[in-house]
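Heads up, the chain below is alone and in the form predicted on its own; it's given as structure tokens.
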Amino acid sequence: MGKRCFLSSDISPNCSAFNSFRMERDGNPNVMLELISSDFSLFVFHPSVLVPRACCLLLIEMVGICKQDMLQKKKNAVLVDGVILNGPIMDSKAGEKFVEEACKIIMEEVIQKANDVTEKVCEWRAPETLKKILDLEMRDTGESHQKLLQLCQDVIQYSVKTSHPRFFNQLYAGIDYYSLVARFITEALNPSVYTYEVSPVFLLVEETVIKKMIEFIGWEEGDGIFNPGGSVSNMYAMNLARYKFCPEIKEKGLSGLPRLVLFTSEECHYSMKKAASFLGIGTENVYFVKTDERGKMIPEELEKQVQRARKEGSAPFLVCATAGTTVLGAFDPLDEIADICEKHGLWLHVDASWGGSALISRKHCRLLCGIHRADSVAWNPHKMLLAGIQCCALLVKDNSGLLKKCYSAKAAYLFQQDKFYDVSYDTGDKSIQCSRRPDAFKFWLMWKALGTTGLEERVNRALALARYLVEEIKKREGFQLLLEPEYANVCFWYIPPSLRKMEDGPEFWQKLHEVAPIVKERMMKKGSMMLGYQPHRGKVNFFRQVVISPQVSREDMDFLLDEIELLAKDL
């Protein structure tokens, strides 16, 4: 009991007998065997553990089998730098078993519970506590499969359940089963979408999806590519507009160019500012155009800004309009903005990452009236349409190969021109990436399953639920809308009973500013729901509720308001 029991052997890591013993050991809490030699020749039983005699005899017998196995392999062994190259080093059977058991956990703990409102949206733990629970440390030796499966359980338990019907926190939510299966397939196949030879199916799928999305924009032809996020699509568009304005920049760089400026609204996504910084344009050269009380760009103010830039000697090249702003859900007047762009010869990009899916709805596509006049459009089907993060397309009206001219590097080891097939399908040179995920596939499979009618129904229902919530807010004491929404963003304050008789003044607004963060903390620690809040353009903290998931019901809208009242009643 007090001594360490050593056992030396020529045992092989691929020996079936050793694998059998390892599985037996994992299932027997009375045996602990520690590998202490990298060549699998030396093991030690832990002295604090009682080792049954039968297990010792079993191990000795297995070691003998392994010796015979190893001797046979050594006769035909090929060694390089002392490493035996015969046979694989992975235990495929054990790996398959692990995948099978992990998939069972995913099915039971994620998919089957996705619609269960009795489950928590989140199991809140502070960062330091969560670090201890998850055992994040990576070690020299691997963990047992049982330990890994437990880690999978823990990861699921302490992650936010974005598929929960009461997750309203972001501009994505819910679960689409067809898209999910598509993600399983692409993860298993592990493709990279740059050449037809390595990704034939997914390149054809991307081409088909892009053509269909272009139809909904209203272009007769066009080009496009799927990117890792709407922010990247906006950066692509900015760089593409600059390349169209001065093609020599690709080879000669920024030196000698005039001061380039671009225009976007005060309500634009922050990625426009980041893109200007990343591309060397400079954030001071982003002119932010005033918006009206609803958050829409004012065309007359855009015209003033363009004229101001020209008087300053700058070179305007791009206007970025927004179709569905992040906070208020505002849609810029695209037709009027397009008139100004045509007048001044400016590239018009529409960031429709959030609002683009309204194009699918015959009832609500009017929100994007004039989008067909844009030169480029960013559209994220992973938002309103539930294609799964991430699924983001940049669509371009130009069909002369502008994307490829702007981004190609003509890597000879990938894009050989003397291949045996039509190399126009090797579309990877249109991207700034090399490795690229087949994100269009999950949108395609979902679209095939639901049809355009099914996608349209999702958009219409989400906006109908938003309208229902607005009407309920108007009925309830203590709730106050910021403005009538035109999309799925419903922004409102909750005024607790203690503040309802206070005079409208600085003290009132300061106290109201403190309500939303406290309610958010309480709902997360309770796990009942998740709802976003923010201050915005001089207004104190307010809630922003976003309806997306088709799993959301009228009852969930009622619950949201009831829960806020419950959590804030003592404030």
Partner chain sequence: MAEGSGLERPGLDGAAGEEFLGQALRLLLDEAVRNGTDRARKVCEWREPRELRALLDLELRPHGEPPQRLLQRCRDVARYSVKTGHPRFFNQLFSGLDHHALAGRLLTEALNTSQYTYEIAPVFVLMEEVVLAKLRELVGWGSGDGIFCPGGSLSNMYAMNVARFQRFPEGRQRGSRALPRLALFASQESHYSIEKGAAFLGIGTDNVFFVRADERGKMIPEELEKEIERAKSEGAVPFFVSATCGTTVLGAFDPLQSVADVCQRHGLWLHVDAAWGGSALLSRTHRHLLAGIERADSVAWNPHKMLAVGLQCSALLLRDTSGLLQRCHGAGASYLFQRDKFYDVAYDTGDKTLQCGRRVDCLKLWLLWKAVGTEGLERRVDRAFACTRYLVEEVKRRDGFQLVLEPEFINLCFWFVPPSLRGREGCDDFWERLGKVAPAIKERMMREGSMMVSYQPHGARVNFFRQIATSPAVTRADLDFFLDEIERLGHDL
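Bear in mind that the values here come from a model prediction, so they are computed numbers and not experimental data. Residue numbers count along the first chain shown, from 1.
There is another form of this protein, the form predicted in complex with the partner chain, and it is not shown here; the text below is about that form.
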Of 496-504, 353-361, 134-142, 476-484, the segment with heavy atoms within 4.5 Å of the partner chain in the predicted complex is residues 134-142
Between S400, Q146, Q112, Q307, only one gets a heavy atom within 4.5 angstroms of the partner chain in the predicted complex; which residue is that? Q112
Since exactly one of V470, I298, C365, V198 fits, which has a heavy atom within 4.5 Å of the partner chain in the predicted complex? V198
Thinking of K250, P550 and R554 as the candidate spot, does the partner chain come within 4.5 Å of a heavy atom on all of them in the predicted complex? yes
Within a 4.5 Å heavy atom cut-off, is F508 in contact with the partner chain in the predicted complex? no
State yes or no: in the predicted complex, is some non-hydrogen atom of M530 no more than 4.5 angstroms from a non-hydrogen atom of the partner chain? yes
is_contact(D339, the partner chain) in the predicted complex, heavy atom dist at most 4.5 Å: no
Test of understanding: in the predicted complex, would T326 fall inside 4.5 Å of the partner chain by heavy atoms? yes
Of 85-111, which residues get within 4.5 Å of the partner chain in the predicted complex if you count heavy atoms? L85, G87, P88, I89, M90, S92, G95, E96, F98, V99, E100, A102, C103, I106, M107, V110, I111
